[in-house]
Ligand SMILES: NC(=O)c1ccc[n+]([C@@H]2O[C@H](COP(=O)([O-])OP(=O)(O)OC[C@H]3O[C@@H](n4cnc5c(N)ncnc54)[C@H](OP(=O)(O)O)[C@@H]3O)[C@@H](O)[C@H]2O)c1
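Okay, so here's just one chain, in structure tokens, the form predicted alone.
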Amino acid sequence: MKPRLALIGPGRVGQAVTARLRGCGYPIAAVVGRDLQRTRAAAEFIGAELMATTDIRRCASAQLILLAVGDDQIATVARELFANAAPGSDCTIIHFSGLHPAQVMRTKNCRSALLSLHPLQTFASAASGLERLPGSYCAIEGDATAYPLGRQIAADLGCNAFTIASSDKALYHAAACMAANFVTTLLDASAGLLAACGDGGIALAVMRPLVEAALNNTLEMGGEQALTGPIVRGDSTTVASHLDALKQRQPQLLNIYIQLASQTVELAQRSRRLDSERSASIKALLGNFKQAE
């Protein structure tokens, strides 16, 4: 028998996760939100139309409570939950922040088990999140006694579970942001450079085969073997041309290029395909442009 579930915060993540769990047989006790109209729409997506409410006390009958709220709201909502619904020792409370440890929910009168469960996936919409959850990885952190339930929930979501230490959450979240958010930022900047060369409307389409190949190669072979381009070849003349062009036409991106190129030099050296002499030449070139910036 699956635990009776209540959702607080029916946004994209909350809707996707709860819809998936409802489909796996978790009874829904409540779908709680601030705005009743939006909460009803979310509950309809989940398949629990009659469970929509703005009353957090409706969570009192739940054995599993999901806090799918913004990072800066988790502690506040947890206090409100314990003050009004008083979940007991038979209840597990889960938040979905990649940054905060589970203990951010703990209050003086907390008797429940606390977990954080973070699917490493993007949720552009509830529907796309629901579709993308299966096959994703999910980080679990919190009270060790609740790990079996956390792993079961991850499995029911179709995710592969792994655990991390509370002290590592900020570093873990930085890694996730670099892999997802910063890739988007980098591609947008790259598209801007290509747009400056001609038709900006096709910039992303032009780069798509290159980006997909680079991503697939990196995921399959690792960065050291997948790396290509002028830096790993030790071609300082090409790098100098890039720096000159950026300085003249897109100076706002010069520092980004220098920082990424410096990191790429380190990766190329680890791959043992860039010798110390050519590495030193590229580092000096990057350093000179950074000082002149």
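For every residue, the number given is its place in the sequence shown, counted from 1. Source: prediction; values computed, not measured.
Another form, the form predicted in complex with the ligand, is not on view; read the next lines as being about it.
Exercise for review: Would you mind picking out the stretch of 112-120, 205-213, 145-153, 190-198 that comes within 4.5 angstroms of the ligand in the predicted bound form, counting non-hydrogen atoms?
Suggested key: That would be stretch 112-120.
Check your understanding: in the predicted bound form, does each residue in the set Ala6, Ala29 and Ala48 place a non-hydrogen atom within 4.5 angstroms of the ligand?
Key -> No: no residue has a heavy atom within 4.5 Å of the partner.
Review point. Using a 4.5 Å cut on heavy atoms, which of Leu254, Val69, Val239, Leu227 is close to the ligand in the predicted bound form?
Key: The residue in contact is Val69.
Practice item. Check each of Arg12, Arg22, Arg273, Lys283 and return the one that places a heavy atom within 4.5 angstroms of the ligand in the predicted bound form. Key: Going through each option in turn, the one that passes is Arg12.
Practice item. Could you confirm whether Ser97 comes within 4.5 Å of the ligand in the predicted bound form, counting heavy atoms only? Key: Flag for Ser97 set to yes.
Point to revise | Val77 within 4.5 Å of the ligand in the predicted bound form, heavy atoms | key: Val77: yes, in contact with the ligand in the predicted bound form.
Practice item. Report whether the minimum heavy atom distance between Gln73 and the ligand in the predicted bound form is within 4.5 Å. Key: Although the ligand is absent here, Gln73 would touch it in the predicted bound form, with heavy atoms inside 4.5 Å.
Check your understanding: Taking heavy atoms and a 4.5 Å cut-off, does Arg249 contact the ligand in the predicted bound form?
Key -> Flag for Arg249 set to no.
Review point. Quick one: which residues from 188-203 get a non-hydrogen atom within 4.5 Å of the ligand in the predicted bound form?
Key: None of them.
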